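Before any questions on how it binds or moves, here is one chain, the form predicted alone, in structure tokens.
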């Protein structure tokens, strides 16, 4: 028995035999054709492209019906690529000039694209590269009249280096119990589709295809991101029990969605969702969200040759606003910098990018980019309950300068006779300096959102992704809790709301502590909302308030965590 670790995508358990799936498309040997065969090969190409368009259109409709339009829109890129004459013409050119058959010509196209895309390591680019390969695989499948996915005759768990979106949507759920891949990230298309279709899965395992053999017994724990190879009987029984518990939890979600978002003794708390892509709204709705506490906008900017236009951004924000309706949406202005860069704009590589030219600092230096985004958000505000939030605030001057640009954007829109609404403005409290001037910041804005991940990092000087010092990343360190308390108290004194959008909001014991401290909103990944909501609505605010007062008697993270667990169990 051995254990593999990856990224859990959908919280469910799958138990069964595995089928190792190896993609052989790029292994087909090249072969030459004669001059007289050129036109015949091009005709084969055209017929295969037409058939592929029809297939993917059907898959898109099926996904739209089963998961929603937001997820089905992932296939728009596939269809546009097939309808674009470039792919067809470039392939035909290779057939004519090099006298290669269609499959060999398409292979050349894929390898060329792979080299171009391979220069970048961002997940969005990887997704686009995978989507292109997906399209070509489908064309080759139609040329060779072979299925692009394996035909399953019994229940199995797929183990593959990678899976495409069309392959996942094509899977026969009667037989496929789950899947594991070597590569993939939480925000990749494979993860988005797996969540939408509720398939137990673990991705980004690294070496699953090498570690398992056809026919091995596997357990997938999609909640913890664990794969167990050839488990013993006691482990299988343990995971069968966990599977039943997860089923019960999912049934409770339906009832939780209908219950008011308040503690046992009547204090209202908003349970908000952090999202990055529009399709995540579906997950937020399923899990009973009260609004969007953090809408990240960087995906509109990265990995493209040109900056998004105001109109493009307006349509993106309008789309989100219309989906969310009357619920609040906090749009974080562009937080470029750190690990998120805009080609040809972000400048030279910095020695310490996370403490460098990022967030509001970038925006105030590139007012043209900033104002274009602000105008787009203001225009979209007509269609929903939108709020604007500035990230990485360290000084009062930054807030005042940001507000000035918002006012300039409004004046520009008036002159252009474009409709907009006045919106609430807020700031992220994620730098210690912002905490200690939060009494003054509160007079400048309408709300605070505490970014606990960065606040912990900057307060304790700890990179949370550095394995050597993970023990020092302590959410309940007394200094961190004192900073959060100061921020909440200063917000309350000045009559503004305060939420938290970091990982602290999604840890049950800490979420209870935050509510006791006076937090108004807890924002987290959509799938975590029911778990936290269940804990909070079954708690009494007065009890949580007393616990939050007692917690400062302890001087270490471990003692505070131990105290919280004991108190919240009622011991």
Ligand code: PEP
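Residue numbers count along the first chain shown, from 1. These figures come from a predicted structure and were not determined experimentally.
Only in words, not in the display: the form predicted together with phosphoenolpyruvate (PEP), which the text now covers.
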Of 241-249, 72-80, 189-197, 449-457, the segment with heavy atoms within 4.5 Å of phosphoenolpyruvate (PEP) in the predicted bound form is residues 449-457
What I'd like checked is whether 103, 107 and 134 together line phosphoenolpyruvate (PEP) in the predicted bound form, meaning each has a non-hydrogen atom within 4.5 Å of it. no
Please pick, from 482, 112, 464, 404, the one residue with any non-hydrogen atom lying within 4.5 angstroms of phosphoenolpyruvate (PEP) in the predicted bound form. 464
Among 156, 398, 444, 335, which has any heavy atom within 4.5 Å of phosphoenolpyruvate (PEP) in the predicted bound form? 335
4.5 Å heavy atom contact, residue 508 to phosphoenolpyruvate (PEP) in the predicted bound form: no
Even though phosphoenolpyruvate (PEP) is not shown here, does residue 518 get within 4.5 Å of it in the predicted bound form, heavy atoms only? no
Does at least one non-hydrogen atom of residue 294 fall within 4.5 angstroms of phosphoenolpyruvate (PEP) in the predicted bound form? yes
Would you check, heavy atoms only and a 4.5 Å threshold, whether residue 430 touches phosphoenolpyruvate (PEP) in the predicted bound form? yes
Quick one: which residues from 471-501 get a non-hydrogen atom within 4.5 Å of phosphoenolpyruvate (PEP) in the predicted bound form? 501
